[in-house]
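Quick heads-up: it's one chain on its own, the form predicted on its own, in structure tokens.
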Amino acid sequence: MVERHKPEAKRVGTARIELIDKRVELPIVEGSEHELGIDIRKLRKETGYITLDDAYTNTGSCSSDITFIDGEQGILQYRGYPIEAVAEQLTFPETAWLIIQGELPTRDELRGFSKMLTNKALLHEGLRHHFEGFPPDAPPMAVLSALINSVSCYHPELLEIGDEHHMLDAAASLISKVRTIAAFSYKKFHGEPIVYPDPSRNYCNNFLHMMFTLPFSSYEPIPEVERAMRLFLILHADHEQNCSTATARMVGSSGANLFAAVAAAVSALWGPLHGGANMRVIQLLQKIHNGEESIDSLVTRVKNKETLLWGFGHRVYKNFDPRTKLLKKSCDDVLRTLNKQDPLLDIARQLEEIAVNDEYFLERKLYPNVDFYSGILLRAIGIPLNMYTVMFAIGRMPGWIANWAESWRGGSRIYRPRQIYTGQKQRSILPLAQR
């Protein structure tokens, strides 16, 4: 289990910065995977200067023990374990425990955590009325964010976390209930009867059961579909300081409870440049399939900077996203097992072939990312397009919780970024009659 401490990089040298009117020395720090950074925490206090880094592209907002990414080499690790090994050998509850608690669970710990997830799957019956308050075409991410905050109202004992056991209780509630909220939303907006969680089923099987079972037909996912769902959730479980995770940490730094921080993270994930990108990929592929645009014309427009090629490129990865290879293989396995052919997958392969051979994409290091094949996999499983980002949120829940908990354990200061002001200088207010 993670100890209550604040992760810190070790000091390995000194950086000297020459400013207009002074000189300053700042520590050079190194992480456990030899990442180097300049610790600027005392810069403003000692010089009056701040750094300007639009969109935090070069700014480390925290030290963290959770996830390591090497974008140049295409490496992703959860707590030191390569994503390929995690995806092959662990279940989603094991992965969630690893990310939140720092070590792989023992047999007893996994049994206890799985029991917690089972026991906490039900929603308070009062919450069923909340679903009635949304129109049939309400965005599922809006429902998810609202319901997460609503859940906390029925569990006030989880709002003030005092120790590790209390934190794990809240974490299990969120990880378990988020899939129930998602399944209930799907049923409500498809006009189908709500299906309650089945305590005899495992995490992924139970979610698929709640989504697709009908009164006259119990849904039993085949092993390949269940494995695909497990893979999807594990590959999305954490990804360092992305937009939604940084949002969870920022909200949590104010002392806000775990439910509020996670609800805010859901809203951040909602954006098309973050969690909504896999929907854009499917829409793009469908447009090509419908004959509204050819692959050649799309590539030309991308090169002319007239449009984005959704599913390609990444802020961190300058090589193949390691998750992409795993998702691509899973797409093939599921479609083969279901004896289906998806024309969108064929189009995706053609686009990938162009990207890995065209100098324009190679020079800019625009390789397929996790969103490129994840939508096709969800489509094969039967998840509707408007639920794709919700699925992302279910998978990312352990990462949001772990990052919130890391700040809670370390006593993080409240986040308060600075800015370079470019507005009007001080001026006087003219009387209304003179304006």
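Bear in mind that the values here come from a model prediction, so they are computed numbers and not experimental data. Counting begins at 1, following the sequence as shown.
Below, we turn to the form predicted together with a small molecule, even though it does not appear here.
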(message) Just to be sure I understand the contacts: of Leu273, Ile222, Ala142, Leu159, which is the one whose heavy atoms reach within 4.5 angstroms of the small molecule in the predicted complex?
(response) Leu273
(request) Go through His165, His129, Arg107, Lys305 and name the one with a heavy atom inside 4.5 Å of the small molecule in the predicted complex. (result) Lys305
(request) Spell out, yes or no, whether the shortest heavy atom distance between Phe312 and the small molecule in the predicted complex is within 4.5 Å. (result) yes
(message) Thr389 versus the small molecule, in the predicted complex: is there a non-hydrogen atom within 4.5 Å?
(response) no
(request) Flag Asp371 as yes or no: does it have a non-hydrogen atom within 4.5 angstroms of any non-hydrogen atom of the small molecule in the predicted complex? (result) yes
(message) Using a 4.5 angstroms cut-off on non-hydrogen atoms, would His155 count as touching the small molecule in the predicted complex?
(response) no
(request) Would you point out which of 183-191, 258-266, 82-90, 314-322 contains residues with a non-hydrogen atom within 4.5 Å of the small molecule in the predicted complex? (result) 314-322
(request) Give a yes or no on whether every one of Ala277, Tyr360 and Arg364 sits within 4.5 angstroms of the small molecule in the predicted complex by heavy atom. (result) yes
